[in-house]
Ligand code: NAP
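Below sits a lone chain in structure tokens, taken as the form predicted alone.
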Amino acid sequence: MDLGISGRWAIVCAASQGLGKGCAEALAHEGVNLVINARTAETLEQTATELRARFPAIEVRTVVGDVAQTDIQETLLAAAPQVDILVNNAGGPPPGDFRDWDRTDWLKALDANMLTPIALMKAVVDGMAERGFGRVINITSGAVKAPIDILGLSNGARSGLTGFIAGVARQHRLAGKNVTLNNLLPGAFDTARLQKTLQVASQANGDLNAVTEARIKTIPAARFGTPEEFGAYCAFLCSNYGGYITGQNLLIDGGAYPGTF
């Protein structure tokens, strides 16, 4: 299926590995030019080199730095001739007990996982509306649907972003101009972050395989997801066929969430 977005420009944040990289690869496969961002120059340039080799027909530009910083946001936005697609993505804040978090911890979480995506959206959505096409994807977390007690910082910040999107996505001056805003809620995907989490969890008994198998047993699909399939979901929502889907939260977790809604 031709998704009809060849030649467009996308910004993909945190795209050097994991789910962000999966989204970048899927968009590149559809002929979308990319501006990709990450905090580590070496891994970002390695990803850019891979993308250029696999998809020589597109242009791939890189911006290194923490996208929560205003100057990096400005550089990122300026790197694309226009922004047709924006994929917001950032690593979640650390786990812990809310009794141990102070105001600084909360502000850092809100800045990375709520305020930064909002700032980038604010910078691009009106231009998208003027051109009659725009797609915004926010990679949040399955914890928005089923909060995890030790991830309170993430639960709070990402839920705030979710509520914001629910209102803004339905503005007629955006939805009525073919500009959509949606959230992708990943469950357990086979990424470096998941592997690190499993390793930490296995420290109690030293059996990584047992911890991994126990985690997989909680997933009806009996496996972890892959960044490639996550990227495919992202690319579809960014496509010409995604214009009638906005303000939605797509949970992609292999059936792990047990609720009806």
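Numbers for residues come from their place in the sequence shown, where the first is 1. Note that the coordinates shown come from a computational prediction; the quantities given were computed from them, not determined experimentally.
Same protein, other form: the form predicted together with the ligand, not shown, and the subject of what follows.
Student: Counting only non-hydrogen atoms, which stretch in 58-66, 232-240, 204-212, 26-34 is within 4.5 Å of the ligand in the model of the complex?
Tutor: Contact criterion met by 58-66 only.
Student: Under a 4.5 angstroms heavy atom criterion, identify the one residue in Gly156, Pro147, Gly92, Gly127 near the ligand in the model of the complex.
Tutor: Looking at Gly156, Pro147, Gly92, Gly127 one by one, just Gly92 meets the 4.5 Å heavy-atom criterion.
Student: So which of Gln199, Thr70, Thr218, Thr40 gets a non-hydrogen atom within 4.5 Å of the ligand in the model of the complex?
Tutor: Selected option: Thr40.
Student: Residue-level contact is defined here as any heavy atom of the residue lying within 4.5 Å of the ligand in the model of the complex; does Ile11 satisfy this criterion?
Tutor: Heavy-atom contact with the ligand at 4.5 Å: absent for Ile11.
Student: Quick one: is Asn183 in contact with the ligand in the model of the complex, heavy atoms, 4.5 Å cut-off?
Tutor: Result no; Asn183 lies far from the ligand in the model of the complex.
Student: Answer for Ala53 alone: is it within 4.5 Å of the ligand in the model of the complex, judged on heavy atom distances?
Tutor: It does not: once the ligand is placed as it appears in the model of the complex, Ala53 has no heavy atom within 4.5 Å of it.
Student: In the model of the complex, does Leu251 come within 4.5 Å of the ligand, counting heavy atoms only?
Tutor: Outside the cut-off, so no.
Student: Quick one: Ile139, Phe189 and Arg193 and the ligand in the model of the complex, is every residue within 4.5 Å by at least one heavy atom?
Tutor: Yes, all three are in contact.
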